[in-house]
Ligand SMILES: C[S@@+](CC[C@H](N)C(=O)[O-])C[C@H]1O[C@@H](n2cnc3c(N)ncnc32)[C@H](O)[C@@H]1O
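Starting off, we have a lone chain in the form predicted alone, written out as structure tokens.
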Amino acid sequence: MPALGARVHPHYGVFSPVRGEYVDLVARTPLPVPAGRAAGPRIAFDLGTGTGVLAAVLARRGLGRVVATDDSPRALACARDNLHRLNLAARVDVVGPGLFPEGRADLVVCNPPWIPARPSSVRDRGVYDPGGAMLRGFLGGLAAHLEPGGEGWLVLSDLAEHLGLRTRADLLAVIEAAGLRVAGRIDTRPRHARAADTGDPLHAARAAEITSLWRLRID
């Protein structure tokens, strides 16, 4: 992973972070500075940590404490293994299974599965989120877990919109219903080979895809 300058090893049944552009978004987006502080955030949550890659990126960026969660025991074991090998285990607590840990954070990051459909295997759970349950769970619980002046970072591809499985209006409505406002958004284009493969049945959608980091704050 270029953003870490190190390798991350997925365990069996844990989604591999081959789409490095979303990792780069978390690595380069300016950290929020909570009101009344001269420095940036002290505590961050990484929800749905998988291999632990985003938790590692946050720790490397200088967060004093990172709490990583996942609802998969395999992912929790995988994240602990990777963070140990990266010498970050002392700075990242891996807890679960579950979505939100106890308490509040200055920064809450979530990269939910991008497609609101049912997975056909354990590994596919990294891509498919039935009914958008994890996305809605993150947005619905964010306000109760943010410190004043903190931000939630939603990392999400718009591929589902190009496939007709979700609309932008649907996403914005869920954000608004959760009492959140969009403070900004940073976009990136895919760099993987399938985006340029004209023989792919989903080529039109993949070529138009944009992955975004949505910066969310409490209204």
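Residue numbers here begin at 1 and follow the sequence given. All of these numbers come straight from a predicted model, not from anything done at the bench.
Another form exists, predicted in complex with the named molecule; not displayed. Remarks below refer to it.
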query: Contact assignment for the named molecule in the model of the complex, among Gly98, Gly131, Gly103, Pro148, heavy atom within 4.5 Å; finding: Gly98
query: 4.5 angstroms heavy atom contact with the named molecule in the model of the complex for Asp71; finding: yes
query: The named molecule contact at Pro116 in the model of the complex, heavy atom, 4.5 Å; finding: no
query: Exercise: Gly152 in contact with the named molecule in the model of the complex, heavy atom 4.5 Å; finding: no
query: Non-hydrogen atom contact Asn82 with the named molecule in the model of the complex at 4.5 angstroms; finding: no
query: Proximity to the named molecule in the model of the complex (heavy atom, within 4.5 Å), stretch among 52-60, 27-35, 162-170, 176-184; finding: 52-60
query: The named molecule in the model of the complex - contacting residues of 148-180, heavy atom within 4.5 Å; finding: none
